[in-house]
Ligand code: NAD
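Starting off, we have a lone chain in the form predicted on its own, written out as structure tokens.
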């Protein structure tokens, strides 16, 4: 099956599932729709996986893990396959960028810059297990002098359940690390964005991985819930909303299946009183509303000193007013539409809540002029926001930023931590060591001093309701490992 041969052919709807190394017909005739975020029209229809399809995929992954060669290959052999997958992905970067833009509405100027991360992840984990930096066997000695080997083994058959906002990279984080560990997979992408998972399946097929190591069944909620509860699944790796993550954690707890969760965020950008606002502005413009704010690590709360609040607003609001909103396929556009109609309604409801709650609507809040169709909303900034407000506490997942003022450093730290989430953050200061001291007091899985960096070769994940476990880096590989202690008597 060759899903795509050139960028525009991403409109060709998938017709089959990838199970046991073969492209197979669905068990049912149910279909899923993909709606264009730009035109609001039907873009494609494709088959919806059923519980029977999930059974077949889990059985194939189970057989590949229990009886197949993949977990028993040497790390170097698995690394060779991962590099082939990376090569195949690299050949199709334009298609991946086009698919992201078409399904989600992410600007093509951004997707083209970001899609190389997918191959980077497969090459990184190939290099990690092929060198001396990661050991699967640790030789130790007991107090009595006896020999012990602590062995790192793959956790087993994994379900990769991924969201619609950044479909390929969030899948690649899981698949690259899990394959490196020796796991096998059933992938269930978001029903709104199936195309990238199909591209990955084709890249894995072309790389010659053993049958059943990677299986793909796009599905809706019913079959997805069936998958996470399946007794043949040893681990669920999920990225998505906190509410869905809690549901998955509860379902997995029933049989103590392993789970890793990368969930929501309400991350703060804290500008200390000595920060250079002009130097901070470029990273704030990129990371407060990336992909129309539909990114978990967006810096959606900006904390500024009361004494410099107006100075900041003059700079920030001026820059926001210059954001070009429009057709995301136009390389000159900075911001496209929201991905779905339900997201537009959600964001509008939060904007209304901000106004009712007493915040000041400094800019935006409506539909951009000249864009009568599409799920568009203006870049929106609220000022005079207090931490107790709904818009300051809940993840909006849209281009809505709250500016919160503080009195001193202690007040700033307190307000930054006043959140159920703890995924990301940024500290801006003329003194990096001062910023580091403040960063150590912020309860967050990751922070950047004077910017916002997410590096796939470093661990990423959250605390509190932002999830558990880490993706990326050495820790991302550990996510797919079980420890076994073998004593020599």
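The model shown is predicted, which means the values in this text are computed figures rather than measured ones. Numbering follows the first chain given and starts at 1.
Beyond the structure shown, there is the form predicted together with ligand NAD, which is absent from this document and is the topic of what follows.
Only one of 164, 134, 277, 350 comes within 4.5 Å of ligand NAD in the predicted complex through a heavy atom, and that residue is 164. Proximity to ligand NAD in the predicted complex, defined as a heavy atom within 4.5 Å, singles out one entry of 214, 122, 238, 100, which is 238. Ligand NAD is not drawn, but in the predicted complex it has a heavy atom within 4.5 Å of residue 189. A residue is said to contact a partner when one of its heavy atoms sits within 4.5 Å of a partner heavy atom; residue 428 fails this definition for ligand NAD in the predicted complex, lying far away.
Residue 221 belongs to the set of residues with a heavy atom inside 4.5 Å of ligand NAD in the predicted complex. Although the partner is absent here, residue 397 lies within 4.5 Å of ligand NAD in the predicted complex, judged by heavy atoms.
From the list 384 to 392, 263 to 271, 299 to 307, 139 to 147, the contact stretch for ligand NAD in the predicted complex under a 4.5 Å heavy atom rule is 263 to 271.
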